[in-house]
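Next up: just one chain, as structure tokens, the form predicted on its own.
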């Protein structure tokens, strides 16, 4: 945006000096390294072959032309194949004025293209946990970034509200719940139901341990002696077989699933009641995370979808049918295997449901891009799904993307849902807010405001700590979340960036309301140039984040900008500037830093406090 004129002048320089038409893509300008003099650098090695001249000779000739004919260039120097240009004050003043006048700086014009972003998609047998938080924050921030990049975004999730795991929670409540409800116990609905999922596992383990002492268990183990494993190892691996063949609880849970599939009235009533408790709990967590959805899909509705797609695939020759009537697709040419898409009894499998759900969403919204925010454990599943969609020639097939992300661990290690060792999302939010509270009390900087204001500030700090710490990591990387580290005011954290914003707001509050012109400002400082160079890169950073579906680029930009402003604040006088014009320039620069920080952090779902 700001370097467009400079690029055009460089093209004219090559044309005038060497009669060479240069494409813009060859004229890559980058900020000059701090150890050299200059503001922007162009590499001249790329022109050696065409001009049959040395890179230094080219640099000196082009540099001299720019100094003589381009008003934006103040001076130049050449170091080997690098032409360093020092730009005039007018360039920096114009850059600041352009940013200042653009209230939506960084955003792109509407593209008229619809994108669906799926995220969260929890199971109704347990509450949202730390892994869900990474999923939700990635999906939400990507949806915000895509909106800023000009797309029409639809936010959705598919709730996994059926299956054997859900029946385990239902059965445990039926057998051991005593008719109690979340409101009676004071337990949040999703936690309440999740506790019964854990309880089912505990009761099942007790049943399994008793069964292992029976003669039948001993007989089965003795028949498998050729496996060369200990009795303990054998029964650990045999658990699923026991559940399906011998377990009383397993039999009851499977019968409950059959009753649900048959539409049994009592089973359906219990299912609806327990799911309603879970949804109420989910919504409370979503509200705390400040995320929302435009459309909810439920697996209880979508699990029957996809049969029409199977028939279409057979007609197109994409699928093939075996002698047992099961239907498959051969994906070996794409480096995968043969994949089942319909069982021999005519029922769908997960991949078939996903095919049908994607088609339904296209019918609902006409989205040409669909982003699935799902952990990297499902990488292969989505490779298969997307390949099938291409072969079915779906109109949206080329716009499918799996936003794959790594697992989140705690400093104490991994989490396990069935054993109740998962860190619930609500507990984690409480913990980071508690850490923010302790840090705030230690500094004592908001002691003068009301208790209500303090609580709101601390909430914003805590949530910024949680969100930023997770989003700053590139999605594909596995990560460890440390609540204490996340609130560090001196680290690469959300609160550190918030502090830069608060610092600017404090400066602006102390400044005069009178707006001074700064068009005649002379002697733009290195720190001012550094801030403006960062700011002018923001549109490109945003565009790259939207293209790559990677919010970490925005997060790291905000950190770098905040860090640069903290340095500027310490090194350069703002309110006590040497002239009123310099003061006005620095106040305007501070204002656009604050506005850009607020915009960038908002794309990550993070609020900025006025004080902290």
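None of these values were measured; they are calculated from a predicted model. Numbering follows the first chain given and starts at 1.
Another form, the form predicted together with the RNA, is not on view; read the next lines as being about it.
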- Per-stretch contact check against the RNA in the predicted complex, the hit in 192-200, 72-80, 248-256, 393-401 (non-hydrogen atom, 4.5 angstroms): 72-80
- Query: Which residue among 171, 149, 136, 461 has a heavy atom within 4.5 angstroms of the RNA in the predicted complex?
  - Reply: 461
- Of the residues 316, 237, 349, 331, which one places a heavy atom within 4.5 Å of the RNA in the predicted complex? 349
- Using 4.5 Å between non-hydrogen atoms, is residue 61 touching the RNA in the predicted complex? no
- Query: Does the RNA come within 4.5 Å of any heavy atom of residue 57 in the predicted complex?
  - Reply: no
- Query: Going by a heavy atom distance of 4.5 Å, is residue 65 a contact of the RNA in the predicted complex?
  - Reply: no
- Query: So in the predicted complex, does residue 448 come within 4.5 Å of the RNA, heavy atom to heavy atom?
  - Reply: no
- Restricting to 308-339, the residues within 4.5 Å of the RNA in the predicted complex through any heavy atom are 324, 326, 328, 337
